[in-house]
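Here we start with a single chain on its own, the form predicted alone, put down as structure tokens.
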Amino acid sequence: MSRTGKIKILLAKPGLDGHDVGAKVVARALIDAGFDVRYTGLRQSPEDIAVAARDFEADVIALSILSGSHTPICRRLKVMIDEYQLSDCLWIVGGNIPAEDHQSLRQIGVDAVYNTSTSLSDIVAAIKEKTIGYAK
């Protein structure tokens, strides 16, 4: 948790997907809810995301993935999370994630998966609820 007492959320857009309007809308909602949010921008590699999360001292790593490459990206990011000792971070993924992939993402280590139809208020409430036990 930051010196201001705010939960720190690193929001990243991994892979080659060039659509980030939704990620920016989510970022704004999280900021409005009182979180300290850093959005890394488009086309971030798992390595870039892990370094940014470490440097930001993130409490939450949030990914927005619309490209369909969520499983390989999350597998690679899990390696980086372990390498950079970020396993205390709450890890969430949102976007076009088929329901049949939710369990496999959880097996990789993702704590929660949100579809594009999830309301912003539900995302905010879930992060607030889940970070109580995750915040550093």
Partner chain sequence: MVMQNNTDDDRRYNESGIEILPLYTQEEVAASKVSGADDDDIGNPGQYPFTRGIHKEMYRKRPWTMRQYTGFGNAEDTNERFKYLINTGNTGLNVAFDLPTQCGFDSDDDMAKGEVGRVGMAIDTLADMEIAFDGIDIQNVTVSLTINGTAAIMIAMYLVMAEKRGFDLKGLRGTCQNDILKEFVGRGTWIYPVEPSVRLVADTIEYCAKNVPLYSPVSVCGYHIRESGATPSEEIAHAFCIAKAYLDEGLKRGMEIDEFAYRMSFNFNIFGQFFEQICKFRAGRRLWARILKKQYGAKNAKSMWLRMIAGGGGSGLTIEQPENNIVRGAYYALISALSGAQTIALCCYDEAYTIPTQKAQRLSLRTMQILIEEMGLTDTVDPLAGSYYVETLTNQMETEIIRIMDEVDKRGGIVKLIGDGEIQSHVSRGAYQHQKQLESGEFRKVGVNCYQVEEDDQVVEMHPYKIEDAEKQEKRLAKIKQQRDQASVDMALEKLGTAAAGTDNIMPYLVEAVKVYATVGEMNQVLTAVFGRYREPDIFKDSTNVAAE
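Source: prediction; values computed, not measured. Numbering follows the first chain given and starts at 1.
One more form of this protein, predicted together with the partner chain, exists but is not displayed; see below.
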| Every residue of Asp82, Arg106 and Tyr114 near the partner chain in the model of the complex, heavy atom within 4.5 Å | no
| request: Would you check, heavy atoms only and a 4.5 Å threshold, whether Ala29 touches the partner chain in the model of the complex? | output: yes
| said: Can you tell me whether Ser69 touches the partner chain? I mean in the model of the complex, with a 4.5 angstroms heavy atom cut-off. | reply: yes
| query | Any of the heavy atoms of Lys8 lying within 4.5 Å of the partner chain in the model of the complex? | reply | yes
| request: Although the partner chain is absent from this view, report whether Lys128 comes within 4.5 Å of it in the model of the complex, heavy atoms only. | output: no
| field | in the model of the complex, the residue from Ala50, Val37, Cys89, Ile92 that sits within 4.5 Å of the partner chain by heavy atoms | value | Val37
| task | For the stretch 79-104, return the residues whose heavy atoms include at least one within 4.5 Å of the partner chain in the model of the complex, in the order they occur. | result | Asn96, Pro98, Glu100
